[in-house]
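Below sits a lone chain in structure tokens, taken as the form predicted on its own.
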């Protein structure tokens, strides 16, 4: 069928593996193949012209050698942004090498052991992605959902519990206002010890691991495979089963992931790792609000102060709300509350009471708190926080729209 047609250029030096790859591509009925017996480096500027004339550029490299990386960077810089570049590498290529190729500009890294059917599936995926690029680029900032990031001042403070139940509350229809629920996605970005899947009884997902190792575009097909719908309107992207190096993802990958999720959902809730890594920058940049979860113990407040300074160093406009967890809002605040507020230079408006029994039951059952203890003090506090956040972010949109109208 014409809509399945793929024009492919293969760049590979002569050899057993390259010959087998070319033979496999020629056997695919939906592929029009142009072959060049050379390395990507040897093609020089010709590769740019080939990228403009074909749907896909496929090249083979033994390993992520510097000359190949330089050639990829040059091709990516000069080629059309919609050009799709695929690297075929030996099966023993390491995650670090695959990451180097991705950072240089390769869209996907595929092992040379792929079967014919597997190769055809990947080519079809990337051909569709190339055709969808113009649609994705046309998306405007006005259609982007709100991003709420959740950080923790110390381990065990309950940030994951808050993130999971906050996302659930935002997704639920409002009975009071008779408003429909929002489309919400909960993202676990703790690549090493992510607990969102365990909290909600969901299987680990290898999507982020594959993104880190193979790169690739984050499109509708990728999102459909990566996300699981836990409850109506609430989707979840869990962490991989195997712990990943914290630097496995790149800034560009995370930036594109956040953008893709914001285009699809009304709200994106991100559970951040307890680590400061380079790829946090695009999350912070796109965050409409950050919730920093802490308690009022002196060490926690000092750590929260350091985190606020770090998060706002390059993001002066980042709005951070401090959430006091495991503590009921006091009728009269003590001196230590006042001093802690001064240290953080923020008022304490959000308090989540210590409510261990329903919290433990929810975790054991793998469901949000609202499913088993809708009237529990902890549930009510998180519901109030969710409603306030939604109202504040809606109000910010209205103010921005008014400013645009009169300027």
Ligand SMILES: Nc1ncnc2c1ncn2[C@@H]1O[C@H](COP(=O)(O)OP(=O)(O)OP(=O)(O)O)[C@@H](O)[C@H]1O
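Residue numbers count along the first chain shown, from 1. Just so you know, these numbers come straight off a predicted model, no measurement behind them.
Just so it is clear, the following notes concern the form predicted together with this ligand, a form of the same protein that is not shown.
- For the candidate spot formed by 166, 322 and 348, no residue has a non-hydrogen atom within 4.5 angstroms of this ligand in the predicted complex.
- Among residues of the shown chain, residue 235 is not one whose heavy atoms approach this ligand to within 4.5 Å in the predicted complex.
- Within 4.5 Å of some heavy atom of this ligand in the predicted complex lies at least one heavy atom of residue 355.
- Among residues of the shown chain, residue 311 is not one whose heavy atoms approach this ligand to within 4.5 Å in the predicted complex.
- This ligand is not shown here, but in the predicted complex it comes within 4.5 Å of a heavy atom of residue 155.
- Contact with this ligand in the predicted complex, defined as any heavy atom within 4.5 Å, is confined among 92-100, 157-165, 275-283, 238-246 to 157-165.
- Contact with this ligand in the predicted complex, defined as a heavy atom within 4.5 Å, holds for exactly one of 48, 376, 363, 38, namely 363.
- For the options 107, 288, 120, 190, the residue carrying a heavy atom within 4.5 angstroms of this ligand in the predicted complex is 190.
- For the partner-free chain shown, nothing in 100-115 comes within 4.5 angstroms of this ligand in the predicted complex, judged by any non-hydrogen atom.
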